[in-house]
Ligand SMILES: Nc1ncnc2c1ncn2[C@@H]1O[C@H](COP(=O)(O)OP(=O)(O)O)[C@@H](O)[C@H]1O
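One chain follows as structure tokens, the form predicted alone.
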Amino acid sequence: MSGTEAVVVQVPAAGDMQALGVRLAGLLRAGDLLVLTGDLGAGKTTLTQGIGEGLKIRGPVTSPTFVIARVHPSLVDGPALVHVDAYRLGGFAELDDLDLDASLDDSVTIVEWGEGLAEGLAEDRLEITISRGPAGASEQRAVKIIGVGPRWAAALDDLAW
């Protein structure tokens, strides 16, 4: 698939979403970019909380909606977590104004609502889409993770449950 790999994980509850984030953090390293997409309340921040826990960063991880971006330093000499909410941004120019490329190589960067904006920040990235489950399954989610670029070739195999 020319440097693109996809896996879909069924997540029954919020605790499982955090556990997926912890598992995902085990694959991450400085310089990684994750672009998260999903409706309000889909679980983007919950997934990010799990990633933060797995990276052992200083928290708590909360939605950065009103501050746009938060930096969470590592507590164990690992990469910092840069958590961005692009919902209120008007376009790539405003995202570029955040100067994320200055910290991109040294951090794990997660951009919520970044689809169509953040892909230009890195050739290699994870594009994660969270979809709600069927009616009546209030917490169930499907998480589609697409690895773009050579960095992610065959790296997502261990995430399938």
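Model, not experiment: these values are computed from the prediction. For every residue, the number given is its place in the sequence shown, counted from 1.
Not pictured, yet referred to below: the form predicted together with the ligand.
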In the predicted complex, which of 118-126, 37-45, 53-61, 24-32 comes within 4.5 Å of the ligand (heavy atoms)?
-> 37-45
Contact of Val11 with the ligand in the predicted complex (heavy atom, 4.5 Å) = yes
Is the gap between Met17 and the ligand in the predicted complex 4.5 Å or less for some heavy atom pair?
-> yes
Mind listing which residues of 111-127 have a heavy atom within 4.5 Å of the ligand in the predicted complex?
-> Glu112
